[in-house]
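Listed next as structure tokens is one chain, alone, in the form predicted on its own.
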Amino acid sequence: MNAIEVNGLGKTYPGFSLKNVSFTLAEGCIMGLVGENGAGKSTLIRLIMGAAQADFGSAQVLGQEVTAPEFTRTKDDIGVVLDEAHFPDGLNAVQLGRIFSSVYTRWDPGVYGTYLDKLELPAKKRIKAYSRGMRMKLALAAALSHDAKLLVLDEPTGGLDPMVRDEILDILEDFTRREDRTVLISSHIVSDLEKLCDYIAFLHRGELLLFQEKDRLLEEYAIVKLPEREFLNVPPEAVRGVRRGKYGVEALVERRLVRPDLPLEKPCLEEVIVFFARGDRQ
């Protein structure tokens, strides 16, 4: 079964358009959504969650069309963590758990309490005294405590210190040990996605430039560094992005389209994304 199916999805706002986005994410996988500020990541997530209405195209989540009335029931199977975790400041984590127990049919207070302990969140402390990192961890604890099949996370590690980020990534990886659990995570921190994700989707200026299995992506592309004169012999169709400097040319190329004797280096995910965004093949 596919956890998410997006077909030709588009949405236009003044000054911005999300254009014809299509991809399919199988259940049990972790997909990283990456792109610059304003690329359309949050817009895409809102469309997938049925929080905004598409101008064209369609989206299905856990087998249900997001515009159908029945999707309201499907949301019980989805855990959501947004880039700003908004909770009533006057409540504490225990009181918040009681509210969620009336929202989710499969809310498990025992699991919630376990995550509060694991994430070192003070259960009786008012949320207004929580740091940003603590609020994000609280949102994650809530999302993981009602037996969700799909987690949708929008910038959950942004602005957090490396130790907290690693803690969150470990929890997400553990979540998908069951084959029927899926994660869609949006992040500016590409190194986090490289550690965690099975698939990478790259949005750039409202267009989906890339959707591919991460390991295959890193195997298919390579970095080549050559003097300008030698770079002229690289087939233009092999080049996906170019960076020119004082001492020569650095380019992202498709391995299968270049000579095997070229000095090729394996790229990191961030390099692939940067070169794709540049799009300069000259």
Partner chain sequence: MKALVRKDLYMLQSFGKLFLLVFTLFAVVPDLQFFSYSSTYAVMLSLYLMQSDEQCKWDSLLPMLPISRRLVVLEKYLAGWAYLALMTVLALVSQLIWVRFDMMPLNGQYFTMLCIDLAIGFLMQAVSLPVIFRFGTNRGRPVLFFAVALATLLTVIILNDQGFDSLLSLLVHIRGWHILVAAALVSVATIPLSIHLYEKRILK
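Quick caveat, the model's predicted, so the values are computed rather than measured. Residue numbers count along the first chain shown, from 1.
From this point on, the text means the form predicted together with its partner chain, which you will not see here.
Chemist: Could you tell me if residue 98 has a non-hydrogen atom within 4.5 Å of its partner chain in the predicted complex?
Modeler: Residue 98 belongs to the contact set for its partner chain.
Chemist: Verify the contact flag for residue 106: yes if a non-hydrogen atom of it lies within 4.5 Å of a non-hydrogen atom of its partner chain in the predicted complex, no if not.
Modeler: Judged by the heavy-atom cut-off of 4.5 Å, residue 106 is well away from its partner chain in the predicted complex.
Chemist: Taking heavy atoms only, is residue 122 within 4.5 angstroms of its partner chain in the predicted complex?
Modeler: Although its partner chain is absent here, residue 122 would stay clear of it in the predicted complex, with no heavy atoms inside 4.5 Å.
Chemist: Report yes if any heavy atom of residue 232 sits within 4.5 Å of a heavy atom of its partner chain in the predicted complex; otherwise report no.
Modeler: Output for residue 232 is no: heavy atoms all beyond 4.5 Å of its partner chain.
Chemist: Taking 4.5 Å between heavy atoms as the contact cutoff, choose which of 149, 188, 75, 195 touches its partner chain in the predicted complex.
Modeler: So the residue touching its partner chain in the predicted complex, by this definition, is 75.
Chemist: Going by heavy atom distances of 4.5 angstroms or less, which of 134, 171, 209, 82 would be at the interface with its partner chain in the predicted complex?
Modeler: Selected option: 82.
Chemist: To test your reading of this chain, name the stretch in 123 to 131, 162 to 170, 108 to 116, 178 to 186 whose heavy atoms come within 4.5 Å of its partner chain in the predicted complex.
Modeler: This holds for exactly one stretch, 123 to 131.
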